[in-house]
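Taken one at a time, structure 1 and structure 2 that follow are two forms of one protein chain, written as structure tokens.
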Structure 1
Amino acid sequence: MAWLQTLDRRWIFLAMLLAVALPQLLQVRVPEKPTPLVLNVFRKIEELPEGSRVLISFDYSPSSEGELAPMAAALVRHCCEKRHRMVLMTLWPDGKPLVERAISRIIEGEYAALGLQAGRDYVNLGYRPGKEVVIKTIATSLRAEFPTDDAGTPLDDLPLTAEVTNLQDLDLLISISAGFPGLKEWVQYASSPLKLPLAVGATAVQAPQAYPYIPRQLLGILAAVKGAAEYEVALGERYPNLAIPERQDAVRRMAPQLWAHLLIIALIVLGNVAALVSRPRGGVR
């Protein structure tokens, strides 16, 4: 067992590479079942009357796109299916192209047949610097931070935002968050003081931080790829046109996650075996 104690960590890295890459390349799929916290978000969007105003903040950067983009896509698709009007924004400077990508690929791409119009059915507010200060400001005045949309059109000239004074005029807030500023700041400066319904999507690392806010300050949470996969399954059950592999990115990513988790368990066991073997006689201290 001496080899275990001196194991070069590059072997561990190689094992992890194989655990993630092989299921992805072989397109292995595992079934998923939506959990209550995901269903809370799904039902809220489902129950809102058609034409409700939903704000989606893309608070992440390309580094966490692999983990968060599938849930962002699923939420935008759900809003399109329900004909909700979307106000899209980001608190992260490198999140702006991600918003634009969601618009071009989903709203103007997959749902081109609906003829959704910028300004009437959705508005891209873009990015404003200031982090949590942006949330604090738009809580009282949307125009103080965003006098125009990302294309430079005054908000008063857009049918969707003409009647929106501040966050309180929106029916649901959604933050897809990878850190700061993100879910915690939306809870602290929007949902908590203004008593607004807030749903969040978060990375796996950030998700435990969201649980204490449920259910009063957060109505639900989509935790990482698993949360997104559950949402995609719920969406597929309600809208069969979305139950196809091309619209279920997160479900596809659950098999690599399964094998990576199993590898980590095996490594923990091996690490303990190595420690047990090398422990001096005389028992546990």
Structure 2
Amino acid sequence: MAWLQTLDRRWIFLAMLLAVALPQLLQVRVPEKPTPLVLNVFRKIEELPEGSRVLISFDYSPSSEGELAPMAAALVRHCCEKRHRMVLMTLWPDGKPLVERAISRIIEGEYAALGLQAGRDYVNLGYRPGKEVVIKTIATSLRAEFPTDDAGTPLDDLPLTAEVTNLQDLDLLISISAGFPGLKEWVQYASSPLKLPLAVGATAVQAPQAYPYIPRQLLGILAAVKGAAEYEVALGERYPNLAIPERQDAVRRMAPQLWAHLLIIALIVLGNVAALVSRPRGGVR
């Protein structure tokens, strides 16, 4: 095992490259089974009557897009399939382009055949500064923070929001969160005091913060790429048109993640074995 101690680190980099690249090139798929926390979110959206009002807050930046964009896309697709009316917003200044991208690529792109109309089927509220204060304000008055949509049209002139006074007029809240402000603030200032149904998607780092709130303040959580992949599988089982590689980005990413983790574990084990073997025998070092 002495060779491990003198192994050029570039071989390790090459091994990691192959572990990530080969599953992508070979289109390897890892079987995924949706867990109860993911299914709770899926079933809630599935069971809501058609035309329900769902708020989705894109509380993340492009730096977290690798983890959170697949779940954001899956949730928007599900709402489109169910013909729910979506109120889209963000608490992060650099989250605004992410909202616009979801609209252009999914609502106006993939689901163009449905003829979904801005103002009637979805509204883009955009971004307002204030962090958690925004949530506290719209809990009682949506127009105090968002008198117009992102295009400048008064909410009173939009069929979707004309009768929406505050968060209590919505059927479901969803926060796709990478930090502050995000899922914790939605729990503190919306779900908990108003007893509103809240689902969240979170990065792997932030997900542990959400578990203490389940099931009272949170009905479920999509945790990182794994949670997004599980949600995509649930969607594909219910809607066969979504069970295609182009609509299962998170599922596609799971195989490289699995093989990279296995490689890291193997290297840790080998490193410790090498250290034990090379340790001097007896008590003198």
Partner chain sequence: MLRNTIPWLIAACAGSVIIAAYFVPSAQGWQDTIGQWFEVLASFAFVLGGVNLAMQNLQKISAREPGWGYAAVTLMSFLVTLGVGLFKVGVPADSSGSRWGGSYQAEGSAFWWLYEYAYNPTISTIFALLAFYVASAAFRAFRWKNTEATLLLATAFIVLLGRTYAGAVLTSAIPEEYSAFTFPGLTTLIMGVVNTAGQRAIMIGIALGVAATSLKVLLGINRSYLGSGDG
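For residue numbers, the reference is structure 1: its sequence is counted from 1. Because the structure is predicted, anything quoted here is derived from the model rather than measured. We call the rigid core whatever largest set of C-alpha positions still superposes within 1.5 Å between the two forms.
The form predicted together with the partner chain is structure 1, not structure 2. Superposition of the larger rigid part on its C-alpha atoms leaves the smaller part rotated by 18 degrees between structure 1 and structure 2. Superposing the rigid core and comparing between structure 1 and structure 2 gives a CA shift of 4.5 Å at residue 273. Comparison between structure 1 and structure 2 places the CA of residue 24 3.1 angstrom away from its other position, after core fitting.
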